[in-house]
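Listed next as structure tokens is one chain, alone, in the form predicted on its own.
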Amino acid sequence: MMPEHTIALERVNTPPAQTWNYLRANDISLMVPSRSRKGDVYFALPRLFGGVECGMGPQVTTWIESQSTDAQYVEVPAGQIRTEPIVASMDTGVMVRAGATATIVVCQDTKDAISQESAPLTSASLVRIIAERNAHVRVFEFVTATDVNQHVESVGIVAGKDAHIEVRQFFLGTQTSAAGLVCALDGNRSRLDLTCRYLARDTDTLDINHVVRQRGRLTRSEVHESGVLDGKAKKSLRATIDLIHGSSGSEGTELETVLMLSDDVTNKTMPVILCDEDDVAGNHGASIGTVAPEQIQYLRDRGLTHEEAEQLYVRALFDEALICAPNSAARDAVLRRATEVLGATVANDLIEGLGLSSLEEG
């Protein structure tokens, strides 16, 4: 019998084509808390957002909507360049009108984590974005907190004609993280550039699902993932580029690089190209391995221990995350996690590298 105040999210974060059944890697199941919303008045997003496909699927969308205390709707007017980042809440919808520019920050917010005695402490985020023609949208995602048991993050993006979407993801913490993203390149000449960086260590579980639906003609997608696995961490990454009928002249590329620092990690990399159009190009690949012995020896000859040499690769992840963080809250979250992983001395070095004596200066 399921414990009271909990919900089972069964087989979520699934790819469009489930071709990896023998690996049992097509999905993840989670036990999540369920708090009562009886008597609450909830502001829902405009109906248009209900048609946005999200990475973790409708089951997760329904659960987050049921647990969020309110929905946040932000509209960027046509032609406006919004310099202040939009900070996403638990349930957020952003409409970026024609020719507008916007930056969206999704930073794991532990103060709103859902708590029930019979279920893991869980943080969650649901973000839906509609970018009209010629819009330029930058999305930054940061998952860094270890004071919750699990994090669930689902993102859906629709891009119109000539829209450009840039996504930078940093999954650097939390015992169990499940994150899915779908970007629909519906408009002709729309483009997605997605970069994902991750760190999983100890007994962490990281489950990522990336889907690009290329419907428009002459669309482009560049999806690049890389990360470090250590300890007994388990990571699954499903990456699908779907070149749909009618997307003639489109190109899609997906590439992952995995660095394993332990013999006990479990890595599952599952790239898929789906194609229903002749005049298209789809590419994918993966590079999985350890630090080359000659590289380790080179660094040891210069005074580093084996562990310190390997940690340089981890440090590089945090360095990039700090450089990309568009606001002080994101930088603060990355710094806290860097302090936990690398120590206070190294974390302070990273801040000094940005030319800041403290985060508050950012």
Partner chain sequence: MSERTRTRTQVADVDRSLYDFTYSEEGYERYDDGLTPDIVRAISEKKDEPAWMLEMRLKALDTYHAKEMAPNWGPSIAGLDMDHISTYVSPRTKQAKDWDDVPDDIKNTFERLGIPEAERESLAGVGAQYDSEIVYHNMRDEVAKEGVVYTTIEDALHDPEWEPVVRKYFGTLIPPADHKFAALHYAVWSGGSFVYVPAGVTVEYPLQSYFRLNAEGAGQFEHTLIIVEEGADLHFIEGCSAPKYYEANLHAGAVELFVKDKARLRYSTIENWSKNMYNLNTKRARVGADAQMEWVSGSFGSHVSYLYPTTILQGDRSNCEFSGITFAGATQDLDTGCKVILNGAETTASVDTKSISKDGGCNTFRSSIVVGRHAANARASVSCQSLMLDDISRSDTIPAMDVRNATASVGHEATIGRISDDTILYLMSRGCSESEARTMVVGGFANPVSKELPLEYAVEMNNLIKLEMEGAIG
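No experiment lies behind these values; they were computed from the predicted model shown. Numbering follows the first chain given and starts at 1.
The form predicted together with the partner chain exists for this protein as well; it is not shown, and the discussion that follows is about that form.
- Listed residues 138, 133, 217, 224 were compared with the partner chain in the model of the complex; 217 is the one with a heavy atom within 4.5 Å.
- In terms of contact with the partner chain in the model of the complex, the residue from 98, 113, 87, 274 that brings a heavy atom within 4.5 Å is 274.
- Within this chain, residue 77 is remote from the site of the partner chain in the model of the complex, having no heavy atom within 4.5 Å.
- Contact annotation for residue 249: at least one heavy atom lies within 4.5 Å of the partner chain in the model of the complex.
- The partner chain is not drawn, but in the model of the complex it has a heavy atom within 4.5 Å of residue 269.
- Residue 117 falls outside the set of residues with a heavy atom inside 4.5 Å of the partner chain in the model of the complex.
- None of 103-111, 275-283, 202-210, 78-86 except one has non-hydrogen atoms within 4.5 angstroms of the partner chain in the model of the complex; the exception is 275-283.
- For a residue to qualify, one of its non-hydrogen atoms must sit within 4.5 Å of the partner chain in the model of the complex; none of 164, 312 and 351 qualifies.
- Residues 287, 288, 289, 290 of 287-308 are found to place at least one heavy atom within 4.5 Å of the partner chain in the model of the complex.
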